[in-house]
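Coming up, as C-alpha cells: structure 1 and structure 2, two forms of one and the same protein chain.
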Structure 1
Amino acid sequence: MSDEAIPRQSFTDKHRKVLLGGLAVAIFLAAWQAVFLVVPFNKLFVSKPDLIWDALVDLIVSGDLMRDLAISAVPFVYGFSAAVVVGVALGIVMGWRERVSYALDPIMTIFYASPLVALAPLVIVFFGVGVSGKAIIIFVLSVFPFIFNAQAGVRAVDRLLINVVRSMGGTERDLYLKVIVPSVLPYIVAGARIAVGRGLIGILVGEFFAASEGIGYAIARFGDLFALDRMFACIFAIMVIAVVLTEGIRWAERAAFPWRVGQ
C-alpha cells in the first residue's frame, strides 16, 4: 500500500482535544479578566487572573508552593495507596462471593452515599493532625470507587473463561490470577480516575480543619488573610495536579487497554 492511500492527520486534527480544551480555558480566563474592565474591582472579595499568575510565580520562586505540595503529598500517597490495595481486594471478593456481597453491599452503599467529609473532625480527634489523620481521611474518600469498580469488573467477567479454567483443572488461585484480576484491571483504572479527585478533596479537608502546614492549610491561611490572589494560586496548582493525574491515568488506560478507547 502506498503512502498516498494512508490519510495523514494534520496537527490540528491530531491534537484537537488538547487544543479545544486549552482554548476553552483561555476564553474563560480572558472573560474573567475582562469583567473587571466594567465591574469595580475589590481585591478583598475577588482576584484577577493576572494577579493570580503573579502570586503563583512568586510562590513558586520562593519555594513555598513546592514545600506545601511536598508536605501534602506524603499523606496522599499513603492514603491513596491503602485505598487501592484494600478497595481492589474487597471489591474482587464482593464480586466473586455472593454472600459477602449481600452482607457488605448495604453498608458500603450507606457509607458511599453519606457525606464522609463531615467525619473529618472526628477522624482528626482520634488520629491527630499529623500524617495518619490526613491519610485516613484520604483513604475513606478514595476507597469506594475502587470497591465498586472492582466488584463490577468481577461481575462482568466472561463466564466461559471461568468454565474453561475449571474444566482444565484450574484452582481457585488460577481463577483469580489468570481470569479475574486481568479482567478487572480496566475497571480499576477507571475507578482510579474518580478516586484521584476524591483523594485530593480529602487532603484539603484534612488540612482545612487542623494543620499547620500543607497546601490545604496554605489555602485556608491565605483566605483568612484576604490574600485571595495567593489563595487562588494554590487552588489553581491543585487543579493542575488533578488534571495531570487524571490525564495520566487515562493515558495509561489507553496504552494498556487500547481496545477500550472510546468506551
Structure 2
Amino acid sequence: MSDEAIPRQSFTDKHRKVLLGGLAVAIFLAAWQAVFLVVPFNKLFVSKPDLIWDALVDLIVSGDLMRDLAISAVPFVYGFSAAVVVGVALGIVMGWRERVSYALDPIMTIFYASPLVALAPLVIVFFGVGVSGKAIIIFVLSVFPFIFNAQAGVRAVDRLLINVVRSMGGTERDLYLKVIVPSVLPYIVAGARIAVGRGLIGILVGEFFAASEGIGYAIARFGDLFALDRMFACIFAIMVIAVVLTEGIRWAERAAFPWRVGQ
C-alpha cells in the first residue's frame, strides 16, 4: 500500500498455518505408528498407518475400491439430483409466495426436526436394497438444505437492487439475470455443501442396512471380517471424498461469488 509497508517476509511466516497443520498431521501419524512399539499390537482390534496404506494401495490396484465407489455413486447421483431439482423449486416458491411458506413452513420444520433416517428400514423393506431404495433415502436426507437455503436466498434479494434495475429501465428478464439469480445462487450452493454431507450419510445408512455391494457395505463387511486395515482404508477414502466435495464446493463458492467474501 505505502512505501513503508515492507513486503519482505520469510517463507515460514507466510505459510505458518499450512506448515503447522501439516506438522500436526505428521506428528499424529508418527505417534500412531510409534505407539505400537510400546503397546502390543492386535491386528483384530486396531490398525496402524503403514498397514492401512498397504491395504489402500491394494484396494486401489485390485480395483475393488473403485468398483464399490462406482456402485455407491449411482444412487447418490440420482437422489442428489432429484433433491436439487425438487428442493430448489420448492424453496423458490416458498420464498416468493408468502402464503405458500406459511402453509409449508410448519410441515417442513417438523420433517427437518424428525430424524428421517429412522424411516430408512421401511424404505429399504419397501423398495429393496437396490438403487431406488438408497436413492430415496439420499433424496429425503439431502432435499431440506436446498429447500431452506433457496427460500432464504429468495427472501434475501435486496429490494433496493430490484428498484435500481427497474429504475434504469430493466426488464423482468434483466431482473432475473442481474439481481435474482446472482443473489439466490450463493445460497443454493451453500445449501449443496450441507446437503453433500447428508447425502453421504444416506449412502452409508442404505448400505449398512442391507446391501451386497457399495462402499458402505465394504466398511461393514471388513468390520465383520476384522480386516481393520481395509476398513480404515475405506474410511479414509470416504474422508477424502467428503473433504474434496465440501471443500471443493467451498472453493467454487469463493471462485464464483468473490463478492461474498466473509460468508
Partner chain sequence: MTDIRALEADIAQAADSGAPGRSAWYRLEPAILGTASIAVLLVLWEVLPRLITMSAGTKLFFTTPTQIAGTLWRLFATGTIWTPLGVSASGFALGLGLSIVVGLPLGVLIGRSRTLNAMLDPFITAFNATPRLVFLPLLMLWFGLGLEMKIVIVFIGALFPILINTYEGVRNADKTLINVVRSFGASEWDVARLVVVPNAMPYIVAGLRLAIGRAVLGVVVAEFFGSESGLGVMMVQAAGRYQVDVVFSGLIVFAALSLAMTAMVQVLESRLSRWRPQRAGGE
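Predicted, not measured: the structure shown is a model, and the values here were computed from it. Counting starts at 1 with the first residue of structure 1 and goes up one by one along its sequence. Rigid core (definition): largest C-alpha set, two forms, superposition within 1.5 Å.
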| query | finding |
| --- | --- |
| Which of the two shown is the form predicted together with its partner chain | 2 |
| Cα displacement of Val25 between structures 1 and 2 reaching 2 Å, rigid core superposed | yes |
| Is_shifted Ile92 between structures 1 and 2 (CA, 2 Å cut-off, rigid core) | no |
| Core-aligned C-alpha movement of Phe236 between structures 1 and 2 reaching 2 Å | no |
| Per-residue CA shift, Ala34 (Å; core superposed between structures 1 and 2) | 3.5 |
| Val164 CA shift between structures 1 and 2 in angstrom, with the core used for superposition | 6.4 |
